[in-house]
Structures are given as structure tokens and as C-alpha cells.
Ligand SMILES: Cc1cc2nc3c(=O)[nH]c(=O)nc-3n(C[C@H](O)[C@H](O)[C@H](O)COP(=O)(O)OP(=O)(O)OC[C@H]3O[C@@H](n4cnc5c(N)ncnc54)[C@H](O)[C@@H]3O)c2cc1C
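Listed next as C-alpha cells is one chain, alone, in the form predicted on its own.
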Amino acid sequence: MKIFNDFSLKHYNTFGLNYNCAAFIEVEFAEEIYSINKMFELSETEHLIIGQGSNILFTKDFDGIVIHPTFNNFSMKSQDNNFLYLEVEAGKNWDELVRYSVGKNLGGIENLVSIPGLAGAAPIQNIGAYGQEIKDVIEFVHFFDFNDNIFKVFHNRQCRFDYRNSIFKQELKNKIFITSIEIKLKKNPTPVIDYGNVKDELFKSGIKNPSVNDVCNIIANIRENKLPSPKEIGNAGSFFKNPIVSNSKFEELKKSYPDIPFFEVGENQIKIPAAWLIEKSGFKGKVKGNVGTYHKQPLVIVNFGNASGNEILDFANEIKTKIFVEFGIELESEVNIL
């Protein structure tokens, strides 16, 4: 392990905000977390686990300990006629893992291409995009429990996965450290192409029987064209979750907005794109000082270079207020705010 005191987090959050932490620990092997816990008693000490910081907004210095996993190996656990099972360590770059699986013609995570972050963070948020979610491929999550001071394993059903949610984001928040995930990938995949404009883009490209590689490339191009790269402009991707409303609420909205887009997500539940709500409320491409929404995708709040965390938060709250006043819908932040 490596320990740094009074450490700048500017390169560990994709908003590019220059806040410091009291101590920063690079974890080079999963087993080191046991020693770190004995040293700092993490169940009693303020701490934060950061991968690439692609889903976090700092509004001040962090007075506690930041833990960053760098161990990133992955290996095949087993295989059968239908699936190949991989164990992936927490520090593995997620996009690299997706592109590896696609290169082997393995299906299940190809639609999750170009999502920034590390593998260890994927189950916490139950990352998802274009009709796929990590919960659909996870078999087991390996983690260290700070309170019990032991390593544990949860099966998929114990993780309580939900839309952008899991037990790791709720009951076990700040109580565990994910060391690896086990995922199952399909050997004979059937690509998911019915979400967003994937099917349209495949048609334009003249692809009639798409492979996972075709779908991966199409989605990567879609994301590149509509989402800003954090390397070029500070952002954390989608700032808000797509709200889920009841059928009755949706029918009420439809009377005023006949063209409102929607997705059925369960009995008496309708998901409405937050980007559509934000655009309708006049915030697409809006700039206020050093902050604004991205001109191609209003769901993304960007830092134009000199914003503080509080400037970004104030702007996000302004959007939330406008949406609630106009639509009676309360947006929930997808980004973690500290």
C-alpha cells in the first residue's frame, strides 16, 4: 500500500475539482485492506472509496481517508456450454473489460461500453445503459466488511439490485470495500438493440444481423457524439436519475405533453427521461457562470473550468426546483454529493 497525506483529489474526480483529503491510500492488493482496517479502524473513521471518481461531486475538502484500489487482474473461473465466468478485481478499468469481452464475442455487457469507472464500483450503482444492467450478469460480489473485519461474498440475490441502486449503496454504504466481482458472459449472445436509437443507427449502417461488436461500436459512437469526455470538460455523466412515476401521474402529464417519451418498467410504473424534462424546462445548453448543461445532452452538467463544487450543486438544485414546479416530479441525483 502507499499512503499520502494532505492529498489533492483533482485527478480523482471527473469534475476536475481541486479539493484535498486528509490521507489517500493506494491499495495494491486486496489483502491489504485487512491491515488498513486494523490501522485506521474504518468502521469508526470517516473514509471514502474512490475508483475514477466519475460519479462524485465534492463541495469541500474531505477530512477523512480516501481509499483507491489499483489491483486490476481478471481471470476465468469456469465455463459451460452457455456461459463463461470471470472474476474481475476492483481496480479493473470497466471500459477495458467491456472491450475485452466483446473482442472474445462474449455478450452481456457490450451495451455498457464507454461508462467511466472501475469494476468495483459497478455493482454499487448497478450501472446500466441501453437496456443492460450489471445486475443481469453479476453472480457474486466479494467484499471486506469493516465491522466484522473479514472478507465476505454475496450472491446476486443478496445484493438487492434495483434501478441505479443496491445494498452496497444503502445498508452497507461506507461499511464495506468491494474487492472483486464475478460475472457470467454469454457465449452465444443475442444483442439488445431495442433501447434508444441503437436500432436506427444499425439500420443506417446497413447492419442487419448485428454482433456484440457491432452493437458495442454503435453505442460507443452514440455516447461519444452526445456526451462530453471528462478529459476535455469536467463532468460526471448523467447527473440525475430518470424518474419513475405511477401510471396515473404519467396520464396526467400526457394531457399537457402528448409527445412525452416514456418506458414501461413494471406494473403501474413509467420511466420518463430526465433529459426530456430538463430540455422542456429550458435548461438544455444553459450556462450560468462557470457551470452549465451540455449542449448535446442536458442530463450532463459540466464544469467549464473554474467552477466550485457548490456552484455545480446550486445549478443542479435550480434544475430540480424548475422540474418540480413545472412537472411535479422530484429529480434524484445520480451523482454522490459530498
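Just so it is clear, the model here is predicted, and its values are computed rather than measured. Residue numbers run from 1 along the displayed sequence.
The form predicted together with this ligand is left out here; the points below concern that form.
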{"query": "In the predicted bound form, the one of Val215, Ile109, Leu118, Ile183 near this ligand [non-hydrogen atom within 4.5 angstroms]", "finding": "Leu118"}
{"query": "Heavy atom of each of Asn18, Gly309 and Ile312 within 4.5 Å of this ligand in the predicted bound form", "finding": "no"}
{"query": "Candidate stretches 151-159, 241-249, 123-131, 185-193, one within 4.5 Å of this ligand in the predicted bound form by heavy atom", "finding": "123-131"}
{"query": "4.5 Å heavy atom contact, Glu334 and this ligand in the predicted bound form", "finding": "yes"}
{"query": "Heavy atom of Leu48 within 4.5 Å of this ligand in the predicted bound form", "finding": "yes"}
{"query": "4.5 angstroms heavy atom contact with this ligand in the predicted bound form for Lys135", "finding": "no"}
{"query": "Proximity of Pro210 to this ligand in the predicted bound form, heavy atoms at 4.5 Å", "finding": "no"}
{"query": "Members of 206-230 lying within 4.5 angstroms of this ligand, judged by heavy atom, in the predicted bound form", "finding": "Arg223, Leu227, Pro228, Pro230"}
